[in-house]
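Okay, so here's just one chain, in structure tokens, the form predicted alone.
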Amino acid sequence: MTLSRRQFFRTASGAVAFASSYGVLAKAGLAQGNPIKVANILDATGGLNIYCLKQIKATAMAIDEINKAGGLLGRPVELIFYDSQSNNQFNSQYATQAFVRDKVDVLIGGVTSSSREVMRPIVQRFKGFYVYNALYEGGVCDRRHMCPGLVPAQQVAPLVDYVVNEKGLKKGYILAADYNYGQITAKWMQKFIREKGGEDLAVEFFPLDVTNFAPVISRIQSAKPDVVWSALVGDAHMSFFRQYQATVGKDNIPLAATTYGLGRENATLTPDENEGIMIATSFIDALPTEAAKSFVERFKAFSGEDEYVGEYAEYGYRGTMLWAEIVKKANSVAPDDVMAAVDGVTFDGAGGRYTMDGQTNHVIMDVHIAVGNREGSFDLLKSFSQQPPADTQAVCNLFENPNDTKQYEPEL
């Protein structure tokens, strides 16, 4: 089935909704059911939509597959989509609307850490449940918040170990986006680099609208690091990778990145610009498994697109499917019942097995080191099985402190 505009419609409150076709619902015996409502708040437009366009479709695909399999608790599932337009004011507005006017059962969405932190208090206020399908800087301890994405212990730590110890690139120069994701991730980079015997020569932060990186590239050339670390974010920051290859070049000073590929930069840049960038990830299209191959094929058939799919699309699918498995275990869609059923729930997805850790409401998962190639994709270098969210586990225990809603940060 190809995703069709006819499957989207306007709700009474003006949001756009996705519903499985009548044929799908009728075949599953769901045509007359009272729907379970899922809010999806992501950036269809704006400077950060490079992360969201595939995830929007993958979330709809998950909903459609759930309905084809008989829905949830004998009811159809309907997705209500809100375009947050890369503007946190809309994240706040639509999160409130989702709970107050559209009476949703769960909120799925947010791409930046700042958008998450705008919406988390709203979820608390309305006693809802929130699925944040993104990698982030870790440390959020909140029973109403569930994160199926990578945290630094799963991503930054193995990437630093590979770059510093296996590649021998000890002196690093760190560039990061100037908001909470970049600021906290840079601390994790410094922490892990120092623990592995490396050295962080400098840390610089850049607003999301910066496109001219010539001054910092000049400083990098003067500092002569062994490697440049990037936690840059968004369409504007993609300019860095172009300017870096045109001046310094990865053959001279390699690049390692935490966010590269999430916005499918690999499929947008030239072969020279993509080749050699090192990442740690939980999914790439080229994972040599039947599950990964099947997901990519199903997504392309559903979306009608034939291009690189990527990790953030798979995040949208995995997070929605994990939530559905928790609902099945709880035998209820009520947020408090869902919260109580999180621990130990598993879903076998495109990146391997995902297991919910109820201590933190984060996910145990496989992690992969990969490197950009000349085909606009990545080559797999090595994998680590079932890595826990150890950084967040070290500071968060929702079993002992169920009312905790704090985000913890690393100390250097």
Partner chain sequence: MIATTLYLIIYSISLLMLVSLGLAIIFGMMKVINLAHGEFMMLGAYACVLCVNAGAPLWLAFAAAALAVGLFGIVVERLIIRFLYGRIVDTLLATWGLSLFLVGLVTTVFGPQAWSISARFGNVSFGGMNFSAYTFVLIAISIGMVVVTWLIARLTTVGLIVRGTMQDATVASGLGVNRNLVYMGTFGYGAALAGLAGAVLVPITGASPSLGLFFVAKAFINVIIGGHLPLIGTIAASSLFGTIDGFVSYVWSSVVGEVSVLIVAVILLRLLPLGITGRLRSGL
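If you're wondering where the values come from, they're calculated on a predicted model, not measured in any experiment. Numbering follows the first chain given and starts at 1. Superpose the two forms; the largest set of C-alphas matching within 1.5 Å is the rigid core.
The discussion below concerns the form predicted in complex with its partner chain, not included here.
Worksheet item: Want to guess which of 238 to 246, 151 to 159, 187 to 195, 98 to 106 is within 4.5 Å of its partner chain in the predicted complex, heavy atoms only?
Response: The contacting stretch is 238 to 246.
Discussion item. To verify the annotation, which of these, 124, 268, 114, 332, has a non-hydrogen atom within 4.5 Å of its partner chain in the predicted complex?
Written reply: The option sitting close enough to the partner is 268.
Fill in: Residue among 225, 139, 263, 71 with a heavy atom within 4.5 Å of its partner chain in the predicted complex
Filtering the options by heavy-atom distance leaves 263.
Worksheet item: Should residue 219 be classed as touching its partner chain in the predicted complex when contacts are defined as heavy atoms within 4.5 Å?
Response: Looking in the predicted complex, residue contacts with its partner chain include residue 219, since a heavy atom lies within 4.5 Å.
Discussion item. Please tell me whether any heavy atom belonging to residue 56 falls inside 4.5 Å of a heavy atom of its partner chain, as the geometry stands in the predicted complex.
Written reply: Because no heavy atom of residue 56 falls inside 4.5 Å of its partner chain in the predicted complex, the answer is no.
Worksheet item: With the partner left out of view, is residue 272 within 4.5 angstroms of its partner chain in the predicted complex by any non-hydrogen atom?
Response: Looking in the predicted complex, residue contacts with its partner chain include residue 272, since a heavy atom lies within 4.5 Å.
Fill in: Partner proximity in the predicted complex: residue 210 to its partner chain, non-hydrogen atom cutoff 4.5 Å
Yes, contact at 4.5 Å.
Worksheet item: Candidate spot 50, 178 and 374, all three in 4.5 Å heavy atom range of its partner chain in the predicted complex?
Response: Yes.
Discussion item. Rigid core aligned, does the Cα position of residue 250 differ by 2 Å or more between this form and the one not shown?
Written reply: Shift of 2 Å or more: yes.
Worksheet item: Does the distance between the two CA positions of residue 210 reach 2 Å or more between this form and the one not shown, the core being superposed?
Response: The answer is yes; the displacement is at least 2 Å.
Worksheet item: Once everything's superposed on the core, is residue 119 shifted 2 Å or more at the Cα between this form and the one not shown?
Response: For residue 119, whose C-alpha is compared between this form and the one not shown after core superposition, the shift is less than 2 Å.
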